[in-house]
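Coming up is one lone chain in structure tokens, specifically the form predicted on its own.
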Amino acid sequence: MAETLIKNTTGTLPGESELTLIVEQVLDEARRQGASDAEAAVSVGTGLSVQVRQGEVDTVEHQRDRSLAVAVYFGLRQGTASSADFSPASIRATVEAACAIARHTSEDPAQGLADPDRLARDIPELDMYHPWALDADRAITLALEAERVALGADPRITNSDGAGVSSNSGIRVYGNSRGFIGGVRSTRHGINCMVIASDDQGMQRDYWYTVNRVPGELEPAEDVGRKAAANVLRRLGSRRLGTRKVPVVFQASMARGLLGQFVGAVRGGSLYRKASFLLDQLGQPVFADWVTLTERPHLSRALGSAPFDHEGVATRQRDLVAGGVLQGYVLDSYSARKLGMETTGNAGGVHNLLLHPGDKDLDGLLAEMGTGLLVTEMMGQGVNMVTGDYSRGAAGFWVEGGEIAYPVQEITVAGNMKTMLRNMRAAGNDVDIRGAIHSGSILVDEMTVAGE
């Protein structure tokens, strides 16, 4: 069976039963070598990606990735090892390496498999596997079309940073010695384009991309090029701003990052290390009172969906925040035990975390803001997760009277995350679903903007 996998270079994936057999072999070998518990994850992925620039093919890559990850437990001691070889000899050696590590590590009361009563028993079908019959020639044609449309949109668009098309399919099977084995097939496809425009005030760069599990639901390549062109053209003539305190709208794609910082602050690792600005805030108001954040892991075809997490724990819908009040944390089994709590099924991250939208689109939010800053790009990290201090490079548009007045660049947006979350005034209905966090644009009442 392992030899079948090795020789399969057609781009098709092995069956779930084949990978299940490998997981079972790993678990049997771990028991044979004396482990009290064990878990294993086997994954295989195939992909095609192409990149073009200035009408020429830059790269064509075919990927085929394989991995085996093993964790064994001797009581409260854990050892891990990994391999890309699924042969019986390699499985024995990989388990042996993990066992050798476990025998020489210290006991940790938080170590161990997920509690049996939390493991998924009924695994929903989430319709995440939609392979694309895409060859390199067709991928190149699509990428060239996106770039051609972008470059031809306006004579001020003078250069390209390239356009690309990608298609990836994968299967992952996880199992442990508590009797759980489950597999998930998934696909992810995308088209992107980035171009450069110039005028007498300088050059600007901008992009657009589309991503989906279903190839037929991607935006057409020409639309990707058209949007990339529109985005870069509106940035020409960018200015800097003097220091001021103003309301700020984070465009939906940037708002997802802002919520990602919040998720990092309520993640188990940050909490038990006491490296979070939201320590001991469970049950307390941390957002404005209109904010509700709901995790929806079973959305059909969504990019963040998962029937179970990376430990086999059943995922479920829940409100992470309701009425501005923090309802729970983002925990795997280890961090939950460190905190004296139970896992929330988030080993591997959040699953389709949705900020419930308001009734206004982006233009409506700008009208509500009146005068302030629209942020469309952010640079650097600039967030202190312990104190919540926030300072990041940004670019976007100055807004006056609810209308975009002119583009701005080389500015810094600063504040404190605690205050920013509490000062969120509204969320737009322009929800960006291109990731595991779904959010519309967000209006924050006041932040410090610095430039000149």
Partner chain sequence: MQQSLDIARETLFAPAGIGESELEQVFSRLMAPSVDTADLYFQSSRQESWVLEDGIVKQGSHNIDQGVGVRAISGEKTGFAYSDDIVMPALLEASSAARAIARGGQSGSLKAWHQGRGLGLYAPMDPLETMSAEQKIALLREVDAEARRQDPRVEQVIVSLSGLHDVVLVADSDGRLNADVRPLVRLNVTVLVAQNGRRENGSSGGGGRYGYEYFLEDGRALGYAREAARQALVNLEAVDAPAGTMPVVLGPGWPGVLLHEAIGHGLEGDFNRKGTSAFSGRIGERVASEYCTVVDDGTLANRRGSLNIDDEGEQTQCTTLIENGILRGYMQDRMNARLMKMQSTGNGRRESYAHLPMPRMTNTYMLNGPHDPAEIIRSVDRGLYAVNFGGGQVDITSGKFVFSASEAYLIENGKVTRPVKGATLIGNGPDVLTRVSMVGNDMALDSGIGVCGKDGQSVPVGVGQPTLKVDALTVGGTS
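Residue numbers count along the first chain shown, from 1. If you're wondering where the values come from, they're calculated on a predicted model, not measured in any experiment.
We do not show the form predicted in complex with the partner chain, though everything after this point is about it.
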| note | Per contact check vs the partner chain in the predicted bound form (non-hydrogen atom within 4.5 angstroms), the hit among 100-108, 174-182, 141-149, 311-319 is 100-108
| Is there a non-hydrogen atom of residue 267 within 4.5 angstroms of a non-hydrogen atom of the partner chain in the predicted bound form? | no
| Are any of the heavy atoms in residue 400 no more than 4.5 Å from a heavy atom of the partner chain in the predicted bound form? | no
| Any of the heavy atoms of residue 233 lying within 4.5 Å of the partner chain in the predicted bound form? | no
| field | 4.5 Å heavy atom contact, residue 83 and the partner chain in the predicted bound form | value | yes
| task | Look at the candidate spot formed by 31, 186 and 284 and say whether the partner chain comes within 4.5 Å of a heavy atom in all three of them in the predicted bound form. | result | no
| in the predicted bound form, the residue from 216, 340, 155, 380 that sits within 4.5 Å of the partner chain by heavy atoms | 380
| Here the chain is shown alone; which of 272, 129, 132, 74 has a heavy atom within 4.5 Å of the partner chain in the predicted bound form? | 272
| task | Would you give me the residues of 390-408 that have any heavy atom within 4.5 Å of the partner chain in the predicted bound form, in order from first to last? | result | 391, 392, 393, 394
